[in-house]
Ligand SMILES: Nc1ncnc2c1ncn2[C@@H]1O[C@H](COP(=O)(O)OP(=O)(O)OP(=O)(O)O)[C@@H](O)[C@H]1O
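Form predicted alone, single chain, as structure tokens, below.
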Amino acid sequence: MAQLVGLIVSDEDEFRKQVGRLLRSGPVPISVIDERGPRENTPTDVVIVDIRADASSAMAGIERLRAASPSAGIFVVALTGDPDLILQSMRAGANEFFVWPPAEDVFQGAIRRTAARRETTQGARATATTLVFFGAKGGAGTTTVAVNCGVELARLSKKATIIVDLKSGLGEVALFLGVRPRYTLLDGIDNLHRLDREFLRELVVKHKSGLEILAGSDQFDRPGASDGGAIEELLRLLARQYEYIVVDAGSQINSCTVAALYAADMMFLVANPDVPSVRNAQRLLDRVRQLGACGERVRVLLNRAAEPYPIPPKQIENALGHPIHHMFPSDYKTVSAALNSGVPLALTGNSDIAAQFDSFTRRVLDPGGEAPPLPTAKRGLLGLEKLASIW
């Protein structure tokens, strides 16, 4: 489901914080914009209006919001469920009414209804599908998976696709694709006020597969903690110009990664079948749940999976409490040759791992397609007791 844009109208920081968490924690990805900042030409899908302090004067504000955003879902939050207040709110243009604090299941149900209305509304604008790849540890193969998925998406879908390298200092997306960018991600987030289609065309590099690349920063301290909001805004702007956005988020959970996770339609956690990777994957899944980035959107990918497995796939699933979405074989020679040549695996063909990237990407394009079965698990070099002992 395409990402929605949400706006919170309130003077209270705690209200904005709690409602922002509610908006971002559901199965429908929502990007939250700041009511106090500039938002010209930023259409909104969901508007949350706090009328707890002064309900009567808030009605005029709801009417203005309805006039400005005829198709938006307007949610009103009050202190009490007074019938007259509910009626006034509906007459002013509200779609939903909640008593503070709203029940999460009821709130998410309203979000789903709003998303469904937008999907069926004639002329509803198309937005991108955002795929975020992050690794259980450095060297898990996150960039390899992200790059080859991006190339296959561009090749198979024939739709506008961009890959964003979110890693600071050591981003390798451009290197993997054999291109030399003039500009980087920093040029985008430092110039958000002028990031239109023409300016973006100058920032990106286009690969021969059709995939466009927004290269990683060459600075080790940026993007940093203060750039999370800019990353969220960048992804929101890209969603209006591309149909698929692929993000290589590295292996660190920071404010920029969190912004990408909130924007994701699907988050792919790349792990290897070894004890440190599985342990980190478990902790990262817990962290994603704590952040409120909905776990329903997480997919676990097992990279470098070859028999005899150090840890059997079924055992990994049990340890994570999460199914393995796809497995990629271990083929160091082929992957290394592709990296050194700057030609992605997806374009070389004639290898099992290239076929797996094709299969994986077709599942992304057609989520309802049949999933390949996992290989039969065998006891690997580590016994059950060894894995159990680390948790």
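Start at 1 and count along the sequence shown; that's the residue number. These numbers were taken from a predicted model, which means no experiment stands behind them.
Although not depicted, the form predicted in complex with this ligand is the subject of the following passage.
Residue-level contacts in the model of the complex: of G321, G139, G169, G224, one residue has a heavy atom within 4.5 Å of this ligand, and it is G139. Between this ligand and the residues F268, Y244, F176, F75, the one pair within 4.5 Å by heavy atoms in the model of the complex involves F176. With this ligand omitted here, the record of contacts in the model of the complex names 328-336 of 328-336, 45-53, 59-67, 25-33, defined by a heavy atom within 4.5 Å. Residue contact with this ligand in the model of the complex: R304 places a heavy atom within 4.5 Å of it. When contacts are judged by a 4.5 Å heavy atom cut-off, T143 counts as touching this ligand in the model of the complex. At the 4.5 Å threshold, heavy atoms of I353 reach this ligand in the model of the complex.
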